[in-house]
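One chain follows as structure tokens, the form predicted on its own.
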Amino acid sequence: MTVLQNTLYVTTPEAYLRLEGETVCVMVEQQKRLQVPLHHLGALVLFDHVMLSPALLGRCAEDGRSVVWLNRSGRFQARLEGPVNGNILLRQAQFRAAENANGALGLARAMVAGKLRNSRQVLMRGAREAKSDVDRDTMVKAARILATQIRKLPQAETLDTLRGFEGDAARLYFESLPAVMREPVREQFPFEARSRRPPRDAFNALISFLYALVLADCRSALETVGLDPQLGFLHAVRPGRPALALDLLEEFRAPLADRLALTLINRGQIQPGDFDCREGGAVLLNDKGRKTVITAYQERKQETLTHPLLQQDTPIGLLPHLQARLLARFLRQDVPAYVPYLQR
């Protein structure tokens, strides 16, 4: 459990929150583990089976303090909102920003910059750990070109141009990604380019599955802060498409999904036998493979790091929530710019 940006996140299963005077007490196995002044909190986010006393629930509703429930994997389940809240104002701000061409372009540019910078970090880390000069040179060269692409982003005067820069950089990144794999596993996981709907090889199947997990977390994070996950800035709006969740996903693809995929295959935790080939050439994770990946992803989310902007120790699983709150603060004009998550 932790307090970040005036939000209390409770991730301890079976915790019980109760009101004590003007404070919130978090009880675990009848022992007080945390006590926070109520006026410091703007929202409570509860994972898995976390209970609240009726008195605390009523007080949150009366004060207009939101309470959000997520399941164990972080998927949004429900939200309690009091009679007065700022969500409609936040959504109005989101709609205005989406209708403002320059504003939408600026947000989309920040998200693409975060994506390219984090992709570059994966290659630079791979270069430091490379066993051969050829692999190292491949990754260093690609990282330099990505740095050039990042510097070109301010030149994009339309969303289509920006998407073109992003597409070119993504192709280069994926072409270089096999160099991050250890040589013995490259034959087991041949990968030349990104393919999806359906994935045509095991590595594409693995990262597609991980992207889906991270996307679900991004969508939950946006729902938690009261943003509409359907209205994005980089991704075009289509019926049923979570455009804003896809926007937020961009800055997390490399650090949360690609790096985990590479770790799983380099360590031999995922094997070719964890995939099934279907008619038509599709390759998908089987039940055993999905269980391995989900377990690894949940364990990864429990690890902590220091958020580069907030300078607070943060469970990795809460990173999408923090970025969603930073985005909400920007849309409310509480801060002058949206800063994407930048992996160190």
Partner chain sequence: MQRPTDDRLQIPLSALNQYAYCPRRCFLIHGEGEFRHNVHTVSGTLEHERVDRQAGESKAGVRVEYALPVWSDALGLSGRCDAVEFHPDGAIYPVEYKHGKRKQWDNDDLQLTAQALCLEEMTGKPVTRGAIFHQQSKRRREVAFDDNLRRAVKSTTVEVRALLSSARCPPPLSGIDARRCGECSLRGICQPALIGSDRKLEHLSQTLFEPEEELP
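Positions refer to the first chain, counted from 1. Model, not experiment: these values are computed from the prediction. Definition used throughout: the rigid core is the maximal C-alpha set that superposes within 1.5 Å between two forms.
Form predicted in complex with the partner chain: not shown, discussed below.
Proximity to the partner chain in the predicted bound form, taken as heavy atoms within 4.5 Å, picks out 223-231 from the listed stretches 242-250, 267-275, 194-202, 223-231. Screening T161, N100, T263, N87 for any heavy atom within 4.5 Å of the partner chain in the predicted bound form leaves a single hit, N87. Comment: the partner chain is not present in this chain, but in the predicted bound form one of A156, A147, A216, A104 has a heavy atom within 4.5 Å of it, namely A147. Among heavy atoms of E22, none comes within 4.5 Å of the partner chain in the predicted bound form.
Contact between L309 and the partner chain in the predicted bound form is found at the 4.5 Å heavy atom cutoff. Looking at R18, you'd find every heavy atom of it more than 4.5 angstroms from the partner chain in the predicted bound form. A residue is said to contact a partner when one of its heavy atoms sits within 4.5 Å of a partner heavy atom; R259 fails this definition for the partner chain in the predicted bound form, lying far away. Taken together, the three residues G42, V67 and V293 lack any non-hydrogen atom within 4.5 angstroms of the partner chain in the predicted bound form. In the predicted bound form, not one residue of 165-203 has a heavy atom within 4.5 Å of the partner chain.
E22 is among the residues whose C-alpha shifts by 2 Å or more between this form and the one not shown once the rigid core is aligned. In the predicted bound form, the separation between the C-alpha atoms of H39 and L319 shrinks by 3 Å or more relative to the displayed form. Annotation for the pair A97/R65: C-alpha atoms recede from each other in the predicted bound form, by 3 Å or more compared with this form.
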